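Heads up, the chain below is alone and in the form predicted on its own; it's given as structure tokens.
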Amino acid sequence: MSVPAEPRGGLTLEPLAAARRRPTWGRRLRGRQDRHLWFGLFVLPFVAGMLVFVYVPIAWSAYLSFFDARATVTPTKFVGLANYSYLLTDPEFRSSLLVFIAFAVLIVPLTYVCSLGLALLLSGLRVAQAFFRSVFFIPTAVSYVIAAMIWRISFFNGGRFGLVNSLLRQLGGSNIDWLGGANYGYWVALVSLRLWLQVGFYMILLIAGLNRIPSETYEAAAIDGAAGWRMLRYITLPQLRATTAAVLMLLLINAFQAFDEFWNLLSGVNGTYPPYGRPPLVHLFVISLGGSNQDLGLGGAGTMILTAIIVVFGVAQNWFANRGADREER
């Protein structure tokens, strides 16, 4: 019986076949069944939109903030940190930051508590769960401008035919000029409008977090005698920590971006606003785009200041969340 001759150079056929089967660099980049390629094609429009409409404007605002850019996007006069110094020493801008703090202190915990309460109620609902989820989620699709105009014209217009004043008269009260600024009733309109618009969205996020909690955890806690507040305190809230951190961060950023409700509800004659009714974005919009000045340098500096504040709050929140998690693990 003859033995097959060994290939020249002492090479065997197995390494050659393995080399032919080894995927090329292009195939590795595309992935199995071109999964990486299709993923890139689907993600590309989103990434392009983020670059064009988010990151490029932020970078350009940072560039403009160091120039005297009045009614132009191609400035030539470099002023360094003068725009930042002007804003940080401007009493109106610092007052607008206090408006944000007051608004955030009101809206962030209220929205979280209402969203969590609805999420817990709907999670335990046996019938028509999808219907009630849709009912509470639909307001998130409404434009902030349209909702603000409805609140201003129909609900809190201060006239005798406004819905809120009509209810007050039915209860024996009198008409209130909600948006006039003589009192702080406009905060009721602002907070109620924001709650109606966004509670449903965060309710869905918290429901998703509740669905990730294993039912066995609740069963074991019930066997140990936990119920009601103890179940919420020791089981539900710790398991929702990651979702809660994300929800609170989104709420804080959205509070900082408050513009439409303040602009459409409270703007009076000649752009006047009631006390504590002009948040940072409204103030920056007025000084950067209002009138003939259009000081884009100040607007860019204000944008960078707000971005820095949001980053500081985000880092602090993550630090507190991680610290709480470490304490519970210990």
Partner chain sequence: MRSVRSRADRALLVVRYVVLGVLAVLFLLPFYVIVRNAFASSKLIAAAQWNWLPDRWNFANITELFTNSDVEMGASLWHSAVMAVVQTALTVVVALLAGYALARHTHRVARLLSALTIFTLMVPAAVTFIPTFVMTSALGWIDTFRGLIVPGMFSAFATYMFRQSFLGFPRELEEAALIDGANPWRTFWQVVVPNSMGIVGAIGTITFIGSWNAFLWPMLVTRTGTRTVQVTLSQFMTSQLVNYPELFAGALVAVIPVLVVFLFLQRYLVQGVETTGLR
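In this text, rigid core is short for the largest set of C-alphas that superpose within 1.5 Å between two forms. Keep in mind it's a predicted model, so treat the numbers as computed, not measured. Numbering follows the first chain given and starts at 1.
The discussion below concerns the form predicted together with its partner chain, not included here.
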| Any of the heavy atoms of residue 199 lying within 4.5 Å of its partner chain in the model of the complex? | yes
| Any of the heavy atoms of residue 154 lying within 4.5 Å of its partner chain in the model of the complex? | yes
| message | Considering non-hydrogen atoms and a 4.5 Å limit, does its partner chain approach residue 169 in the model of the complex? | response | yes
| query | Taking the shortest heavy atom distance, is residue 49 within 4.5 Å of its partner chain in the model of the complex? | reply | yes
| query | Which of these residues, 150, 252, 232, 102, gets a heavy atom within 4.5 Å of its partner chain in the model of the complex? | reply | 150
| said: Can you work out which of 138, 220, 237, 98 has a heavy atom no more than 4.5 Å from its partner chain in the model of the complex? | reply: 138
| query | Any idea which of 183-191, 105-113, 199-207, 82-90 reaches within 4.5 Å of its partner chain in the model of the complex, heavy atoms considered? | reply | 199-207
| query | in the model of the complex, which residues of 67-98 put a heavy atom within 4.5 Å of its partner chain? | reply | 73
| Threshold 2 Å Cα movement between the shown form and the other one for residue 211, core superposed | no
| message | Using a rigid core superposition, assess whether residue 139 undergoes a CA shift of 2 Å or more between the shown form and the other one. | response | no
| query | For residue 71, is the C-alpha shift between the shown form and the other one 2 Å or more after core superposition? | reply | yes
